[in-house]
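Quick setup: one chain, the form predicted on its own, written in structure tokens, and binding and motion questions come after.
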Amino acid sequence: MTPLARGGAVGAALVAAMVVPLATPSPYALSIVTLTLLYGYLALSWNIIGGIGGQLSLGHAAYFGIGGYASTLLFVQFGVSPWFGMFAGAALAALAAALIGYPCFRLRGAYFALATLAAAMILKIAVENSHGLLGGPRGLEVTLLRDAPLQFQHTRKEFYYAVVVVMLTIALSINYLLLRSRLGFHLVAIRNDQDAALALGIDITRSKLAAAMLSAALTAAGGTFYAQFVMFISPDKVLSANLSVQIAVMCIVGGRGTVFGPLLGALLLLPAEEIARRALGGIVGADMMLYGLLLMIVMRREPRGVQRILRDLWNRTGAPRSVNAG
């Protein structure tokens, strides 16, 4: 894609983002759009370590939950604005990523994935058994203030939509800049061949830790947003293994290691999940069955994801025109 075409695509996306709140027929529809963009943001956050870095993490629900619980606890117990709680949760999640990642990065492939999944499950069990401070299995309710933007609350869904669009733009920018940075080059080298990267003198552990901490901090910010959006958090909602799998699958289906692939995965999977849930009457496990089915279809067609499929279609239709125009 030429720079002019890329600029036009970005401009069109910005216009579409401004038009969406006016075009959605109901607050419920806008809520679905907002959640879809949130999952796109989470997939982009996972992409830093799981896509660009090539480390299959299945424990990102832990960072999501840390962000949600940290900001909610600070707000409910001490009156700290969730805007500040978001940064506190991000810092705490980055620390947790360093503590989890340092020993786990010695593992590779499925062993690393299982280790991160186990860490998230341990955190979930710990929260479920902390009945006093964190509410145990019942979770925590966010104190309702109604129209209070400085406290990250508003009765209109357009407020949350605007916030998540800004967060998504930041995540896209970070992924774009990272792929063109020294750290990004190191991560790609590690993903392609870790032994060769080590032979080239790349500090593998340091690069992985930096990516993991950045990915965890962004994911925790998403947890704060979710807590304020739904006004309630519980271990089953923000610390479940299903959430970790959903985030990873969205990135893989869309095209991990790319800038727009994770967002494409969210735009494909979350609306499909909502449609399937309504059509099947809320059958337990239907959403995960759908994720598995779509993952198999996309991986069978193109292992590099939906973005690669769309790029191939663009090249087939656009290349002849450019030749004839020339």
Partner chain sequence: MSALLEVRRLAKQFGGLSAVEDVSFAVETGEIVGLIGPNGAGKTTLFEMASGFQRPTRGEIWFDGTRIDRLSTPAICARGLARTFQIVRPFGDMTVLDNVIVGAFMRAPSPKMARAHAATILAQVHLAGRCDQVARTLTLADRKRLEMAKALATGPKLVLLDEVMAGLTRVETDEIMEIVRALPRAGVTILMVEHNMHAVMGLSDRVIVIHHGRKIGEGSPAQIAENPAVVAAYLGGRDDADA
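Remember, predicted model here, so these are calculated numbers, not experimental data. Positions refer to the first chain, counted from 1.
The form predicted together with the partner chain is left out here; the points below concern that form.
In plain terms, the part of the chain that comes close to the partner chain in the predicted bound form, with a heavy atom within 4.5 Å, is 194-202 out of 194-202, 111-119, 139-147, 164-172. Proximity of Val188 to the partner chain in the predicted bound form falls within the 4.5 Å heavy atom cutoff. Residue contact with the partner chain in the predicted bound form: Asn242 places no heavy atom within 4.5 Å of it.
With a 4.5 Å cutoff on heavy atoms, Ser81 does not count as touching the partner chain in the predicted bound form; it lies far away.
Taking the partner from the other structure, the partner chain in the predicted bound form has no heavy atom within 4.5 Å of any heavy atom of Arg156. For the partner-free chain shown, Arg180, Ser181, Arg182 of 155-184 come within 4.5 angstroms of the partner chain in the predicted bound form, judged by any non-hydrogen atom.
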